[in-house]
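Only one chain is included here, represented as structure tokens and corresponding to the form predicted alone.
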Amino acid sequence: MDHLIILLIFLAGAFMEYRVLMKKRQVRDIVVSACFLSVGVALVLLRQLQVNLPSPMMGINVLFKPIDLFMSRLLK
């Protein structure tokens, strides 16, 4: 039941936002917003279903570790 309430809240927010964007004919903004909203809804629902999600810090470390090593070598 909680999942349905969360989904309805997301959809109501999206409906209000997209209605304004459609009047302004900002299709690109709608597409980008829908992508982010889809990812957000998926993450919230997975969290509600108690699915173990990896920490975002792992991805950040993978991205920035080579930069850190490069900068460390430059500053020595």
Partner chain sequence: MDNEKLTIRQMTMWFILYQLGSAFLVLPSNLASIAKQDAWISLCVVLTVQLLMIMVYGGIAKQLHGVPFEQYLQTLLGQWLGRLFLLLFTLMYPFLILSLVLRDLADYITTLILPETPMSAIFVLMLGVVIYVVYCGVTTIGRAAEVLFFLVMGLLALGYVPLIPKMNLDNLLPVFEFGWKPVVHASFTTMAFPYIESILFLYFATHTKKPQEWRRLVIKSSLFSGSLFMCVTVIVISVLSQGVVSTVGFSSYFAVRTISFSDFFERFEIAVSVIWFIAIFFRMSLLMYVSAKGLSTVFKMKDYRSLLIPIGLIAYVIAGTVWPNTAALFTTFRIWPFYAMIFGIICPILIWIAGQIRQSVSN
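Residue numbers count along the first chain shown, from 1. These numbers come from a predicted model, not from an experiment. Just so we're on the same page, rigid core means the largest C-alpha set that superposes within 1.5 Å between forms.
Below, we refer to the form predicted together with its partner chain, which is not included among the displayed structures.
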message: Under a 4.5 Å heavy atom criterion, is Lys23 part of the interface with its partner chain in the model of the complex?
response: no
field: Partner proximity in the model of the complex: Lys65 to its partner chain, non-hydrogen atom cutoff 4.5 Å
entry: yes
field: is_contact(Leu49, its partner chain) in the model of the complex, heavy atom dist at most 4.5 Å
entry: no
Within 4.5 Å of its partner chain in the model of the complex: residues from 62 to 76 (heavy atom criterion): Phe64, Lys65, Ile67, Asp68, Met71, Ser72, Leu74, Leu75, Lys76
message: Once you overlay the rigid core, does the Cα of Lys65 travel 2 Å or further between the shown form and the other one?
response: yes
task: Examine Leu21 after superposing the rigid core and state whether its CA is displaced by 2 Å or more between the shown form and the other one.
output: no
